[in-house]
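Listed next as structure tokens: two forms of one protein chain, kept apart as structure 1 and structure 2.
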Structure 1
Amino acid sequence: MRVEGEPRSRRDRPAKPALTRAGIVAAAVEIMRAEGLPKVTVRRLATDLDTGPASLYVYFRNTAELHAAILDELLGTIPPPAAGGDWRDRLERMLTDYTVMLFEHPSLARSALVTRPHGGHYLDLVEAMLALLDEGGVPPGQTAWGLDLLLQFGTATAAEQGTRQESLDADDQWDALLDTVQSTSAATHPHVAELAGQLVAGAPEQRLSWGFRALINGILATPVPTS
């Protein structure tokens, strides 16, 4: 029995669960959902898991690997494409789901741009996208290279817009760009001045959708070099 005021002994603290890769990832996802990826540091994670930072290096070689594992976890939440309908629409839906998911976690998008995902859920996503491109009759070489183009666009857009959303600073940068564009002299930068309105026009969803469609059209229209 515990005596009031006496520190709990190791014995009657809630049993400290053994460390496992899956357990660490789960704890990391929890912190990320509650406080964002930047709070998922090795030190913070170790504190939550009631251990020292060095212990985590038994399971992850570095922070990048930990982030990759978190990403693959989230990729598992993307629904597979619906069965019928236009392949383009279904492809765009899947890419939008992917992008929106990353949009909530811009720092994860940033890390995905740098560290290539390669987990099981990523493989499933790629398989589904390749199947849709194949269904659309896109030649194999264009399918293979186009896949990267599509995912990269989604990832980069999430990194860009998502960050802008989460940081006040980035808002200021946006305003600064607007100022720059709108105060551009027609004498020195005639094209910028003329297109000023359109450069910043359009809702983000519209631009995202247009981007995916432009990419699909471009992939279809552009043969890869015959090695």
Structure 2
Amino acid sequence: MRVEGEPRSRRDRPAKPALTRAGIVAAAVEIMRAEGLPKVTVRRLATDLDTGPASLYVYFRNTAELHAAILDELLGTIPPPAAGGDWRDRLERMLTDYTVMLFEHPSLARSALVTRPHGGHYLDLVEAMLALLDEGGVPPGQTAWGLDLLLQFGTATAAEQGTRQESLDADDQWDALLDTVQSTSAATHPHVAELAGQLVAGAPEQRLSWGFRALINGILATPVPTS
């Protein structure tokens, strides 16, 4: 019988669940959703999982690799392309879903600019997009290079917009930009003055859609260099 106040023996404690890669990533995603990606470190995760950092280094060599796994996990939330319909529409839908997912996690979007995911969900996403480009008759080289360009555009857009959304003076900055563009003198900057309205026109979703369309059409029409 254990006397009240005595240190509890390890044998009396309930056994901790075995660590798994999936469980570690799930815990990391939970921290990111609650506190942002910068809070997701190997040491912080080890504390939350009641283990030592060395136990996690078996699965992830460093924090960057852990962040790549978080990105791959969230890529699994992107629905596959719908069957039927124009291939451009379906590709744009997937790219938009990718961008919106990152937009909801600005710190992850910024990390995705330099992080290289290599998990199963990333491969599924790439395979689906390559298949759509192939369906549209895009030559193999343009398909391979074009995919990288499309994902870069979506990632950069999400990082930019998400970061602005976090800014406390985002509205003031936008107002200052509007004032600068709309008050530009035609005598000194004739092209800016002529296109002032169009330079700041369009809702973000319209610009995103147009950007993807411009890239898709450009990829279809632009051969990759052969030498």
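Structure 1 provides the reference sequence; residues are numbered from 1 along it. Everything numeric in this text was worked out from a predicted model, so none of it was measured. Here, rigid core means the biggest group of C-alpha atoms that superpose within 1.5 Å across both forms.
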{"query": "Which of the two shown structures is the form predicted in complex with the DNA", "finding": "1"}
{"query": "Did Ala68 shift 2 Å or more between the two structures, C-alpha, core superposed", "finding": "no"}
{"query": "Core-aligned C-alpha movement of Ala158 between the two structures reaching 2 Å", "finding": "no"}
{"query": "Between the two structures, C-alpha offset at Gly52 (rigid core aligned, Å)", "finding": "5.3"}
